[in-house]
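Single chain ahead, written as structure tokens, the form predicted on its own.
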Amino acid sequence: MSAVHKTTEDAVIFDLAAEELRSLNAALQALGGKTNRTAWTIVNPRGAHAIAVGVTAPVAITIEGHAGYYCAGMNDGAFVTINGNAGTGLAENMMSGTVHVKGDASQSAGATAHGGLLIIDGNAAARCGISMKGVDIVVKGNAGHMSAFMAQSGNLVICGDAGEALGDSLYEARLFVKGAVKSLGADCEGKEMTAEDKEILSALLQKAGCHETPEEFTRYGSARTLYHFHVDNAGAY
């Protein structure tokens, strides 16, 4: 055990002011699926990029401060909490587990993520959920323009307002927005809220610790006019 991080009864404490980020990620990635070192606290992150990427063990990781680009990228099973803000590409390509940022997230949060749950307590910038492929994302604040661009599957919940071109070129992801939508993207339209939609939304709101009800949200989805090229739709591609 390095002198610059220590194990307490509760957690491994890793100080990024004293040891390189590469060492942290190597230690986390080496845990594998079975470990008794299940709780990690990372102090002095100072906005470093790629903190806790590629973790495949079901461990709890708490980052005490702001994180830079691609924090918790490729997460597969870990529960990552960021007590601060997160930069571009938070939880990018996540497979499973939970990533919870207590502040705001920059652009492309949850990009291409295949599974798991991403919770953003604050606001999300542009392209939240871009090309999402099965992840569930709950934004308690507002989301920026082009959110859910080319989203293929999964659920995006926005408890605040959504920016321009929501759901542009959407496939089969479900979008739920409580507030105002500045504009809808190509092939995105309002949908009737079914009993299944309400059940999915209610479960996600509960998991994220939200007090809203499904009845306060509008559901958006694909109009399915861009699935196959048609000359009449050429201007929308």
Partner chain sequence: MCGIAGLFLKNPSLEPALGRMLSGMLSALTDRGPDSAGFAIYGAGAPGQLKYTLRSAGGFNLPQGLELSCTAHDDHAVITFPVAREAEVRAALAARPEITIVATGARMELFKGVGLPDAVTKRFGLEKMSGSHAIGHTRMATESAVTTAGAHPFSTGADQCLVHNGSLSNHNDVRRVLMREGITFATQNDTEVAAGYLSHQLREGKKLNEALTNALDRLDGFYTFVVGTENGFGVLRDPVACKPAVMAETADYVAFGSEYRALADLPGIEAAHLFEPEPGQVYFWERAA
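Numbering follows the first chain given and starts at 1. What you see is a predicted model, and the numbers here were worked out from it, not measured in a lab.
Omitted here: the form predicted together with the partner chain. The next part is about that form.
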Quick one: from 49, 191, 178, 198, grab the residue that has a heavy atom within 4.5 Å of the partner chain in the predicted bound form. 49
Given that the partner is absent here, state which listed stretch (56-64, 201-209, 183-191, 40-48) has heavy atoms within 4.5 Å of the partner chain in the predicted bound form. 40-48
Report whether the minimum heavy atom distance between residue 85 and the partner chain in the predicted bound form is within 4.5 Å. yes
4.5 angstroms heavy atom contact with the partner chain in the predicted bound form for residue 102: no
The partner chain contact at residue 125 in the predicted bound form, heavy atom, 4.5 Å: yes
According to a 4.5 angstroms non-hydrogen atom cut-off, is residue 145 in contact with the partner chain in the predicted bound form? yes
